[in-house]
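Just the one chain here, the form predicted on its own, laid out as structure tokens.
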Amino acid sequence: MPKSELSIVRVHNELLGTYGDRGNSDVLAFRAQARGISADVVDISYRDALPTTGDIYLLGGAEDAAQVLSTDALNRSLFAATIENGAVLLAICAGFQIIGTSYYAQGNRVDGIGLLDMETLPGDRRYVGDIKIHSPWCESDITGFENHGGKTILGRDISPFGEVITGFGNGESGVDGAVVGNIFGTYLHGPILARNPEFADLLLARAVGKALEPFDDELAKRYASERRKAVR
């Protein structure tokens, strides 16, 4: 049954909030409320147990030490069960690496929580700058900003979030991110949902369980269009 209210869970924002990804929750709440859908943003500290009643979970970017601390605090089986029950997960950069099987931090291999079959190895360079991708989940190209040193290798049965037009994404592979069911991972900061309202609406529709009512937000459309033109 479609939902009339949403719980948006910002996971470990004190650790995974380095690059302003917390703004994704504000965009989701605003665009939900504009359609008459009640939306509550909940901050969950790494010291607290992850709630299982959320509708959308958000993981953001972080430096190495904070990334490892967040990984250690997350319960893999609890998170997996929550997603399997229909919740949506958006994982950005460090958060994206966390949900894989492993990544490297401060030169050491770290076990991820294993929601996705993928590993992140140290890259040959730092991947920094504007990025644009073409994603089958959105009609318009998606833009953002990347800043990471990881090269993410996807498992055989995992689809990338999109094909890289400008930038690096998962490294040298020509793709960015990963998508499995309601799990979306990407290296795009921005925050990504402020720069790409169409993608925000996709996540909301998945969480609500129905197509969304039209919402004429000319400011958001214009900003998204300007960023697509600026990133060549």
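Here the structure is a predicted model, which is why all the values come from computation and not from measurement. Each residue number is its position in the shown sequence, starting from 1.
Beyond the structure shown, there is the form predicted together with a small molecule, which is absent from this document and is the topic of what follows.
With heavy atoms only and a cut-off of 4.5 Å, decide whether His189 touches the small molecule in the model of the complex. His189 belongs to the contact set for the small molecule.
Contact with the small molecule in the model of the complex for Arg109, defined as at least one heavy atom pair within 4.5 Å: yes or no? Taking the distances in the model of the complex, the answer for Arg109 is no, it never comes within 4.5 Å of the small molecule.
Any non-hydrogen atom of Glu163 within 4.5 angstroms of the small molecule in the model of the complex: Glu163: no, not in contact with the small molecule in the model of the complex.
Even though the small molecule is not shown here, does Gly155 get within 4.5 Å of it in the model of the complex, heavy atoms only? Close contact is absent here: in the model of the complex, Gly155 is far from the small molecule, nothing within 4.5 Å, heavy atoms only.
The small molecule in the model of the complex reached by all of Tyr19, Gln97 and His148, non-hydrogen atom within 4.5 Å: Result yes, every residue of the spot touches the small molecule.
Of 163 to 171, 194 to 202, 29 to 37, 64 to 72, which is the one stretch near the small molecule in the model of the complex, taking non-hydrogen atoms within 4.5 angstroms as near? Selected stretch: 64 to 72.
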